[in-house]
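In structure tokens, the next block holds one chain alone, the form predicted alone.
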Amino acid sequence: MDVVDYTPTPEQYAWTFGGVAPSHRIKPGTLLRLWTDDAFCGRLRDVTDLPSASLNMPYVNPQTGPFHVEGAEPGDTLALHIVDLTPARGWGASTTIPLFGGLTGTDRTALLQDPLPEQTWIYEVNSDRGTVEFAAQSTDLTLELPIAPMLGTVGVAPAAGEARSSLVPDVFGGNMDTPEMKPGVTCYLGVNVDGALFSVGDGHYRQGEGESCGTAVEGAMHVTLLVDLIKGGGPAWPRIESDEYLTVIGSSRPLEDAWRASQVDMIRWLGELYGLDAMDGYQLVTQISESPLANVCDANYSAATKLPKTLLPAADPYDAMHRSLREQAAAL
């Protein structure tokens, strides 16, 4: 197995999906051991650090990569198995940003009241206890919350020569901000350009479904990934397989269109796995799907459709790729 260790310098960060030269050329079957910076590039370290003074917009959500996968061609399926995610700093940060978030007016949802105040929270990491500490600023309340690491951004280069901001989720993946993107899952992405040119980043030490205020517990991350390639079969939307669930992530605005996209591609996936026509798939998804939110704050919203494997006949999506990668990960 080829192993690549890569910790980018700030000058090597990617800020878009597409439009960036690859940092590495790798073969299918490669193990990547990466470091990713947090969404704020480490600039929010204290509750007195405010986004308006500390951040250099639009240079947020730095990506590690992109990686050119040899043999990947448009129409293929890239398989990324998240072996491990480990906090790389002793603290994470979250913040409210004026005109950004799910429960505030924005420049597009224009309202007469003033924006919500700008504020920063710092979460101390306790690696021994596996927790991050929430500390309220209006009272003396503190809470230990379990660390639940995830990647906010996983994506490939878009089609047609596009370059899309690392703040945007779409059919190519990107800033989906779904808690489903966690250790032990395999993410399937449709390849749009030669080499796929995938990048990852935006580590979250934990995040609730929806990412209400717009920022999770943002933190730098040690990321271990197994990379593989499936010829053909590129899905319309990002798909995620775990030991327990099949999941599709759709991204759009309004939110119901993001949900619809995830539902429709899940119906397609059932057709691929079991030969169900669209109407049978529609009926089955209606009765067994779970629909957690991913984000309701980004340039596009993201919604998940999940089906529990226990309610489905045994199947091996993508010729048992997830099972194979899980076995390789266990052997590590």
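Residue positions are given as counts along the sequence shown, with the first one as 1. Keep in mind that what you see is a predicted model, and the values were worked out from it rather than measured.
In what follows, reference is made to the form predicted in complex with another copy of the chain, a form of this protein that is not presented.
Trainee: Quick one: does P313 come within 4.5 Å of another copy of the chain in the predicted bound form, counting heavy atoms only?
Mentor: Yes.
Trainee: Please tell me whether any heavy atom belonging to T286 falls inside 4.5 Å of a heavy atom of another copy of the chain, as the geometry stands in the predicted bound form.
Mentor: Close contact exists here: in the predicted bound form, T286 approaches another copy of the chain to within 4.5 Å, heavy atoms only.
Trainee: Any of the heavy atoms of G42 lying within 4.5 Å of another copy of the chain in the predicted bound form?
Mentor: G42: no contact with another copy of the chain in the predicted bound form.
Trainee: Answer yes if any heavy atom of E256 is within 4.5 Å of a heavy atom of another copy of the chain in the predicted bound form; otherwise answer no.
Mentor: Yes, E256 is a contact residue.
Trainee: Choose one stretch from 131-139, 219-227, 71-79, 193-201: the one whose residues place a heavy atom within 4.5 angstroms of another copy of the chain in the predicted bound form.
Mentor: It is 131-139 that comes within 4.5 Å of the partner.
Trainee: Sort through L34, V296, I26, L55 and report the residue having a heavy atom within 4.5 Å of another copy of the chain in the predicted bound form.
Mentor: In short, V296.
Trainee: Under a 4.5 angstroms heavy atom criterion, identify the one residue in P87, G101, G234, P183 near another copy of the chain in the predicted bound form.
Mentor: Looking at the other structure, the residue within range turns out to be G101.
Trainee: Can you tell me which residues in 190-209 come within 4.5 angstroms of another copy of the chain in the predicted bound form, by heavy atoms?
Mentor: Result: R206, Q207, G208, E209.
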